[in-house]
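Heads up, the chain below is alone and in the form predicted alone; it's given as structure tokens.
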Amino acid sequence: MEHIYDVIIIGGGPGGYTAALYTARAGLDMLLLEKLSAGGQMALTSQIDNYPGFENGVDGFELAEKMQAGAERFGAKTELAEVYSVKLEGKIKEIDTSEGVFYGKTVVISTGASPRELGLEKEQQLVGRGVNYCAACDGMFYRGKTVVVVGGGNSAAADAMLLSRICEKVIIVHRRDTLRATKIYHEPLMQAENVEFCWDSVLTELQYDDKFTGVRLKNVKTGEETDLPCDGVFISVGRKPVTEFLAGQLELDQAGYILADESTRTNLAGVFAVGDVRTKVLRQVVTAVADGAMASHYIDEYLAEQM
């Protein structure tokens, strides 16, 4: 007989390890599957200032290790494995991974979402050293400085609004001649004295010496290239949820996020989605943690109904 876990959690970000903490502490037989290491996107952030309880901020990797250790204190088990495919219908769920097949009565999907990159040379190497993807996470490091925001959708407009209250100057670079963001953002951005626009432009190069110095822009209509000095760039061209392995088994929205409300329940019984991978307004560490706790409540409820 194959071992059947009460709970299998896919993804070891803050939502996944909070679900692990709560379910392990409740005495459930659980397993967390993580491809690389604890933390997900959080582990790539060198300084998190908006997670409660750390008055001087905390390193994302350090916080991830603490979350894992806290869950394992109550018996949470972690298996380093890449998930290839899943079968989520029925009472017993099947997870096919690089370390074999695992079975569970319930599944929590906590695979997160990664920022869409521009694909520029040295982009990855400069993350946290001039290149950023989250204004709410990293905007405070640019207080009184000049930053560029790349994008024209709602996320870019929201980032620009937030940064305009922190930075000396915010320059929005967009490949079109008007924002794609909803109208509610247009007037405040147009009226902000420290917000400028570079229309019909794309970012083609990240410039750095000993430190980040600026960007090179190309006008898509004229082909003209210009250098724009700045202290940092925020790339806000969307995020990509990690849901490819689901193979159409769960309902997703148009952007590929799992349709799940604040209960974290999906369209399939016994399957839950927490953190950045589900549809939600705010994607932050603190909201992912809340999702993990909420999922544990409904897992208890679901398992009780199956007895």
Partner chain sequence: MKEMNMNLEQFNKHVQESDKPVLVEFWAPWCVYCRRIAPAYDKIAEQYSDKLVVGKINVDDVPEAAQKEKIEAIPALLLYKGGEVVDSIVAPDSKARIEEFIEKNL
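Positions refer to the first chain, counted from 1. Just so it is clear, the model here is predicted, and its values are computed rather than measured.
Not pictured, yet referred to below: the form predicted together with the partner chain.
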Listed residue (101, 92, 136, 192) with a non-hydrogen atom within 4.5 angstroms of the partner chain in the predicted bound form: 136
Exactly one of 263, 267, 279, 37 has a non-hydrogen atom within 4.5 Å of the partner chain in the predicted bound form; which residue is it? 37
Based on heavy atom distances of 4.5 Å or less, which listed stretch (254-262, 37-45, 236-244, 269-277) is in contact with the partner chain in the predicted bound form? 37-45
Tell me whether 59, 82 and 140, taken together, all sit within 4.5 Å of the partner chain in the predicted bound form, counting heavy atoms only. yes
Does residue 128 reach the partner chain in the predicted bound form if we count a contact as any heavy atom within 4.5 Å? yes
Could you tell me whether residue 60 and residue 162 have their C-alpha atoms closer or farther apart in the predicted bound form than in the shown form, knowing the shift is 3 angstroms or more? closer
Just say closer or farther for the C-alpha distance from residue 14 to residue 126 in the predicted bound form, relative to the shown form; it changes by 3 Å or more. farther
